[in-house]
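Heads up, the chain below is alone and in the form predicted on its own; it's given as structure tokens.
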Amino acid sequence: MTTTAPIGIFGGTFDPVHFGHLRPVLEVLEELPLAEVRLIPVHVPPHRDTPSVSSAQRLELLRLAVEGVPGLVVDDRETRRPGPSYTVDTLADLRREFPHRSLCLILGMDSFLGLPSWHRWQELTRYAHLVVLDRPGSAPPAEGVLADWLAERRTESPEPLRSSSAGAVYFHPVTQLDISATMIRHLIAAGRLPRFLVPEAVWRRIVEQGLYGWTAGTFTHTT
């Protein structure tokens, strides 16, 4: 049994990081509560094309985004590991580092619904709990292989996240922010400002480095 607050894990391409990533994770950190949330950018995403912006650049943007926010920690282990960034490998690595600590993998509902396409997905709860971000209008599957798997692991209370190191699936309600990295990339490519969708420090670095095809276009200011 563990009595120490769990460690949260939130992975993604963060291409780029935006408030739709950060606000829900902050809510989970504070409300469960967790000791910290480790944000882990993917190096080589297994389920999509490799981003045009390098993992080192996405890592830098992520660090800028969470600078000064207690409890949000950037973890670069996937960017240092060659090959596809499989979540199960990352969890196994964290479990070796924290053999007795509760680990909570934080997933959006879309990611959760796509779990059967993940590499060795049924092993995830061997290493960690799953905390699924539950937004209005979203729902877990009612039938099928994922529904059957979930039925054996779902908890309606967060208590197992603190009392055991892994194994449960918990749905946690969070604020809905309908923001996507795809939308932001399209805005930038079109010369439009994505401000108020991404942290200001992230936007400034995108402008400075001309990331995502940004050119000043008709805009002459960046502040």
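Keep in mind that this is a model prediction, so the values were computed, not measured. In case it trips you up, residue 1 is the first one in the sequence shown, and so on.
Beyond the structure shown, there is the form predicted in complex with a small molecule, which is absent from this document and is the topic of what follows.
Q: Heavy atoms, 4.5 Å, the small molecule in the predicted bound form: which of 65-73, 191-199, 162-170, 178-186 makes the cut? Say which one.
A: Selected stretch: 178-186.
Q: Go through 110, 97, 143, 152 and name the one with a heavy atom inside 4.5 Å of the small molecule in the predicted bound form.
A: Flagged contact: 110.
Q: Pick from 115, 133, 130, 91: which residue has any heavy atom within 4.5 angstroms of the small molecule in the predicted bound form?
A: So the residue touching the small molecule in the predicted bound form, by this definition, is 133.
Q: Heavy atoms within 4.5 Å of the small molecule in the predicted bound form: does residue 47 have any?
A: Close contact is absent here: in the predicted bound form, residue 47 is far from the small molecule, nothing within 4.5 Å, heavy atoms only.
Q: Find out whether any non-hydrogen atom of residue 214 is located within 4.5 angstroms of the small molecule in the predicted bound form, and reply yes or no.
A: No, residue 214 stays farther than 4.5 Å from the small molecule in the predicted bound form.
Q: With the cut-off set at 4.5 Å between non-hydrogen atoms, does residue 203 touch the small molecule in the predicted bound form?
A: The answer is no: residue 203 has no heavy atom within 4.5 Å of the small molecule.
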